[in-house]
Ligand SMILES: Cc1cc2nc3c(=O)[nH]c(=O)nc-3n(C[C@H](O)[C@H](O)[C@H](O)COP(=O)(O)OP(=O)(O)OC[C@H]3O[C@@H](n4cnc5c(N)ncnc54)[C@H](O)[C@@H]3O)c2cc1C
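In the block that follows, a single chain appears as structure tokens, in the form predicted alone.
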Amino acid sequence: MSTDIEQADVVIVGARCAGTAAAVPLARAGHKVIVIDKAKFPADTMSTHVLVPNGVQELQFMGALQKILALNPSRSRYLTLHDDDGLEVKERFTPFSGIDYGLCVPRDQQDVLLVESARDAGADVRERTGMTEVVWRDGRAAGVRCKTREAEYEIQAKLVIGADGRKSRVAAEVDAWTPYRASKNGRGFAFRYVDDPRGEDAPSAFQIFRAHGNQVLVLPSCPAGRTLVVNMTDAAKIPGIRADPDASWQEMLDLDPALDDRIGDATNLSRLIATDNLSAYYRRSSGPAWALAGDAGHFKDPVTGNGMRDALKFGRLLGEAAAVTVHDPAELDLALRDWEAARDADTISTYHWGNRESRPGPSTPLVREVLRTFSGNDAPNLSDTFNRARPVEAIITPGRMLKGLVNALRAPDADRRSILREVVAELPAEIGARRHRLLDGFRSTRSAGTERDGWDVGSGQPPSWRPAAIADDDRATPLAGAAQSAAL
């Protein structure tokens, strides 16, 4: 079948956070960038929607921040944490690039503005356009075949970027579908929007309420006076939540008087959306003329609130790296590999922290006392874990953990044997997370104590798969990625 062919420097599959962030610096550098997405924007997607200051600065870098602020979103300058024994931590966020607030903008409103910003930079963004396969030439990704309602055509390019999410078709096409390390998430994710009972006087804070195994995020959203409520509860409860959302909502409130006081009188509740499939992972994310950005390459538990930040930041850094190397294949491949290594080094601490937070169950006395070491001072400490001002291990330090242990053991009703058993059980996870960040090296497959078996990256099979094809002419020809990338 005859297929129309057009030329580009870079083709990006996926036009949300990672894809648009990569497109902007490439287009600003004068490269011809085509971004395709099967969605018609505005279009929603499951997400915590959270950007702390470290992530909001990425919107500024790509020229989208002023567009988003025009939506009148709440600006959250604090993080607060409430535990079910009365513990409360309140901290102000560390500023980044002069930005001292976080944002929580619904994805249908945010992502359409990211697309506009990519177009403003000069990228050609094509909606309602799906990718059917990656094309190859001489062992290198050489473009993609696309399909719309009206036509099928081929875009040939020097670099293919997959920014198409957890069920990435690009990942399947380049033989990177199966993660080389991953962890099963014991928590599910259920969220809805509400009209905040405190209206525009709602606290200027991202709030976390922990009680009886639930971890509920209350996130002032957009426009001001609307709030996102996320319950990260035991994944085993998600089928029941789907079956009876209203009863599960009331049960969540009944379990936590502080939460009930905060949002119990909320009105105009949206429908509740839930998932129980949130396995964390790393996929091999670069190879000969291809890269996987955002969730296509790496995903961690949403409780860290860092997914969009990482997609935006490392989408931008991928675009910047490719902008100066895309016309030199050897330099491009080296830059892609260096980019992937830098992404992994930056995200490893949060990956392991998210794995630990994804275990269902209430806070133990030991965990509660470690958290208590952060209370009484609004200077940024615990909030720096979300804001990525420092690695998690530099914030939740051995000294802080030792102080929490001593306080837990000294409590009048302490079950000291249980606390000491918990310490012994947790040590491998602490050591493994630090070892992985400092010693294990790039693409390490050595397991760590925070990781759990039984993970699933989606349907269990790639969304597309085909045997290798042999080129029958000098055009770019589709090939399975296995032979080209097995040694990478």
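None of the values given here were measured: they were computed from a predicted structure. Note that residue numbering follows the sequence shown and begins at 1.
Just so it is clear, the following notes concern the form predicted together with this ligand, a form of the same protein that is not shown.
S.K.: What stretch, of 297-305, 392-400, 373-381, 327-335, brings heavy atoms to within 4.5 Å of this ligand in the model of the complex?
M.R.: That would be 297-305.
S.K.: Is Arg169 a contact residue for this ligand in the model of the complex, using a 4.5 Å heavy atom cut-off?
M.R.: Result yes; Arg169 sits at the interface with this ligand in the model of the complex.
S.K.: May I ask you to state whether Thr48 is within 4.5 Å of this ligand in the model of the complex, using heavy atom distances?
M.R.: Answer yes; at least one heavy atom of Thr48 falls within 4.5 Å of this ligand in the model of the complex.
S.K.: Check Ala39 for me: does it contact this ligand in the model of the complex (non-hydrogen atoms, 4.5 angstroms)?
M.R.: It does: once this ligand is placed as it appears in the model of the complex, Ala39 has a heavy atom within 4.5 Å of it.
S.K.: Even though the partner isn't displayed, in the model of the complex is Gly186 close enough to this ligand, meaning a heavy atom within 4.5 Å?
M.R.: No - in the model of the complex, heavy atoms of Gly186 and this ligand never come within 4.5 Å of each other.
S.K.: Consider the chain as shown here, without its partner, and state which of Val218, Leu366, Ile241, Met131 has a heavy atom within 4.5 Å of this ligand in the model of the complex.
M.R.: Filtering the options by heavy-atom distance leaves Met131.
S.K.: Can you pick the one in Asn407, Thr94, Thr275, Thr80 that has a heavy atom within 4.5 Å of this ligand in the model of the complex?
M.R.: Checking each option against this ligand in the model of the complex, the one that comes within 4.5 Å is Thr275.
S.K.: Just to make sure I understand: among 219-238, which residues lie within 4.5 Å of this ligand in the model of the complex, judging by heavy atoms?
M.R.: Nothing in the stretch sits within 4.5 Å of the partner.
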